[in-house]
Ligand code: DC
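Below you will find one chain, with nothing else, as structure tokens; this is the form predicted alone, and questions on how it binds or moves follow later.
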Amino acid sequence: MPLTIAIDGPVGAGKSTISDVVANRLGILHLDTGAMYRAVGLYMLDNGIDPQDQDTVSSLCEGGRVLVDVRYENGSQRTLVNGEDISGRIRAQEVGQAASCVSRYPAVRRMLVRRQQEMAKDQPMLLDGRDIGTVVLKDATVKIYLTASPESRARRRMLQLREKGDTTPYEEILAEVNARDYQDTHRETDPLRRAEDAVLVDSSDLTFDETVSAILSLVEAKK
């Protein structure tokens, strides 16, 4: 059985960037599943489709009109929709909101979960997202629930946005974090929750490097 690592947690917990480093240190691929949901959300925005329109979004995904795929360049993930690399556009605030919306729909989740399971079936891989340990990789070698307080996550997000010249107020970012948490944990299909056998890692008071080290120690102990 190949080594599989499932890292779940709420928005802004640093799953993607931390997982990149952990996977690199371990010499395995990292699949950012959140990027795949963002890709679906971006497709809807680009084509003038309201992400709240569940019937239309589901029909497009079920009908094969929205094909999300991943490729790797020098070990880094590139996310594609219908063959177009949209990696550079999926981190915008409005795309994150659209992703949180479309991720509630069973048709979208079925399409992407199936693809994620196919990719992790025959090779060592780290997957991060909201439902990896509970749905996508129920038998993962290591399961981690990475979290931090809403305030810590909002501050980190604010700093990221400031680096890009975005001056969105902290209070607005915190409100969005709390709203995303509520939506992710209360959706009917595959809500965000900690798997019973997942180890909790709270990074509220940890540096980036300390968080990486904590996760690597857990993986090494399991191996």
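Residues carry their position along the shown sequence, with the first being 1. None of these values were measured; they are calculated from a predicted model.
Only in words, not in the display: the form predicted together with the named molecule, which the text now covers.
Screening 193-201, 161-169, 178-186, 63-71 for residues having heavy atoms within 4.5 Å of the named molecule in the predicted bound form returns a single hit, 178-186. Interface membership of R91, defined by any non-hydrogen atom within 4.5 Å of the named molecule in the predicted bound form, is confirmed. Under a 4.5 angstroms non-hydrogen atom cutoff, the named molecule in the predicted bound form lacks A140 among its neighbouring residues.
At a distance threshold of 4.5 angstroms between non-hydrogen atoms, R109 is in contact with the named molecule in the predicted bound form.
Though the partner is left out of this view, I132 does reach within 4.5 Å of the named molecule in the predicted bound form, counting heavy atoms only.
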